[in-house]
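The form predicted alone is given below as one chain in structure tokens.
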Amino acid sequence: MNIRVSDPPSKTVGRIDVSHVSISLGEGEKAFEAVRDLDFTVPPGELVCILGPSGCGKSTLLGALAGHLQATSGHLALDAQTILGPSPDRGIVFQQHTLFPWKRVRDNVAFGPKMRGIGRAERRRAADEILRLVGLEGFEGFYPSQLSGGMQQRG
């Protein structure tokens, strides 16, 4: 298995279509509609900010776009491909970092490939390239506690 850090996406990929999406959370009498009939398109290359009060469904929507939650109704698509579940082509950056505090930055980045059985040399090369792409070159040997909050989110 090879890990390849791809080139930055071109301006022709990255279209997001959210068509009459509703998302309910919970089950039975405790279920509630976190997102109701949301409908919008984000063209490739567009920068979008989702604003709203706590509990209005922002994180729920992002979780569905990442493929971690299913829409109760409607349709979610990326580049005309229906989002049916998680994909290595999509991800989410959490408000709180999810780094292992006892692992150095490089080892945190290489953890996923390690779990997939990728060899150590290949994991290190890929992790170093990713760290370079997110502006963390030179911090490979640091622990998360030695980084700023923004650096931790990029790690």
Ligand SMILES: Nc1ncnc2c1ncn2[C@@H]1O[C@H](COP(=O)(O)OP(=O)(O)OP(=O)(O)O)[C@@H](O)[C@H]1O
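The first residue of the sequence shown is number 1, and the count goes up from there. These numbers come from a predicted model, not from an experiment. In this text, the rigid core denotes the largest set of C-alpha atoms whose superposition between the two forms falls within 1.5 Å.
One more form of this protein should be noted, the form predicted in complex with the named molecule, which is absent from this view; the next part is about it.
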Name the single residue among 55, 101, 88, 117 that comes within 4.5 Å of the named molecule in the predicted complex, judging by heavy atoms.
-> 55
Answer range among 37 to 45, 57 to 65, 101 to 109, 122 to 130 for contact with the named molecule, defined in the predicted complex as heavy atoms within 4.5 Å = 57 to 65
Taking heavy atoms only, is residue 25 within 4.5 angstroms of the named molecule in the predicted complex?
-> yes
Taking heavy atoms and a 4.5 Å limit, what residues of 29 to 51 are near the named molecule in the predicted complex?
-> 30, 32, 34
Would you say residue 37 moves its Cα by 2 Å or more between this form and the one not shown, aligning on the core?
-> no
Answer yes if the CA of residue 56 moves 2 Å or more between this form and the one not shown after aligning the rigid core, and no otherwise.
-> yes
